[in-house]
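Below, in structure tokens: the form predicted alone, a single chain.
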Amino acid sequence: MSHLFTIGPVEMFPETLEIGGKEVPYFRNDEFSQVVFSASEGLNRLLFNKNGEIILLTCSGTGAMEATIMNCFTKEDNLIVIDGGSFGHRFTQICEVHEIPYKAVKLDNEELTREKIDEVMGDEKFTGLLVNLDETSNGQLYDIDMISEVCKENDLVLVVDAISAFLADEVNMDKHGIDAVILSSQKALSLAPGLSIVALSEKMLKRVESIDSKSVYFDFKDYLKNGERGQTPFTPAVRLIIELEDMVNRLEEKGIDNIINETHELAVYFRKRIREIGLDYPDYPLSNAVTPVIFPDENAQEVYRKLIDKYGLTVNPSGGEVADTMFRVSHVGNHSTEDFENLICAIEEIINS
């Protein structure tokens, strides 16, 4: 069986796997409502979302991205989108489909700076900013302090896709004035795919109430109303929500800072060792969640395949122009330093064979 060093799904914890083997219970009752309340309240605490609300969506992260744009913005808005890879670009695609005006800060494997944002904004009036805090396709971590400053100075609502960054890097809604955070179950939450989460600030809740969403399934007002009784409008991913409550309880017991620090230490260890065996990683700021490994001999795909076939180790391949020169290794999920040392030794054996 393969050991996953992928950024989603990730290597899961035994406690979650045990819950996953149990019968799915009936959910339109008070018992399940209490599970929803518990999970939602815990997530708000982990996100530092004072006076905000949690929406649980049975869909992929992209579904939550689209739902957020549909419910939080209209054709009267004008958005700045950080487009630094395939996931940032997805925000621009959603804006186009829903005819939300925007301008993109386009990055080509380069660091995001204040100057690049200011250049795109110019003297034009904008109402919001969308960013994938960790651009998972290339591992870049954007400067949330700088982005928060831009939004505060220009009175912009801030939407953060923290699907990869949450629990690996700091995501503090109160500190950074974040109005919506998008999460998904299969990243550092270490659950199976299928459940996405949108955390809305008190400020964003007022926006949602004023917007007439043109959707049945993704109408946030419907979710918020049902959330008052610990339910969702439609059948949710029941087992995933039960697993989520268990995970949130364990995360709170461990402490968010301890979790981030542990992930950081694993990332630092792996990056040090990868350079010791003659490989490299990009020099732009990286998330603790994932390391893009650069192969100077352009044999990334060959190494990726041999890791699976010979060692039972799976990493994230890269696509497009960098398919031969880079793959990505995740540091979230159920991993230890020993796991990463085994991965390093396997990569070293392959590239030296």
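In this text, residue numbers run from 1 along the sequence as written. This is a predicted model, so every value here is computed, not measured.
There is another form of the same protein, the form predicted in complex with another copy of the chain; it is not shown, and what comes next is about it.
Contact residue in the model of the complex, chosen from K254, K272, K214, K225 - any heavy atom within 4.5 Å of another copy of the chain: By the 4.5 Å heavy-atom cutoff, the listed residue in contact is K214.
If you check N316, N49, N288, S40 against another copy of the chain in the model of the complex, which one has a heavy atom within 4.5 Å? Contact check passes for N316.
Would you check, heavy atoms only and a 4.5 Å threshold, whether G177 touches another copy of the chain in the model of the complex? Output for G177 is no: heavy atoms all beyond 4.5 Å of another copy of the chain.
Does H98 reach another copy of the chain in the model of the complex, with heavy atoms at most 4.5 Å apart? Heavy-atom contact with another copy of the chain at 4.5 Å: present for H98.
Taking heavy atoms and a 4.5 Å cut-off, does F218 contact another copy of the chain in the model of the complex? Contact with another copy of the chain, yes.
Contact with another copy of the chain in the model of the complex for N258, defined as at least one heavy atom pair within 4.5 Å: yes or no? Looking in the model of the complex, residue contacts with another copy of the chain do not include N258, since no heavy atom lies within 4.5 Å.
Decide if the three candidate residues D161, P282 and P292 all line another copy of the chain in the model of the complex, where lining means a heavy atom within 4.5 Å. No, none of D161, P282 and P292 comes within 4.5 Å of another copy of the chain in the model of the complex.
If contact means any heavy atom within 4.5 Å, which of 191-199, 136-144, 264-272, 115-123 contacts another copy of the chain in the model of the complex? Within 4.5 Å of the partner lies stretch 191-199.
Sequence-ordered list of residues in 64-78 near another copy of the chain in the model of the complex, where near means a heavy atom within 4.5 Å: Read in sequence order, the lone residue that approaches another copy of the chain (within 4.5 Å, in the model of the complex) is E66.
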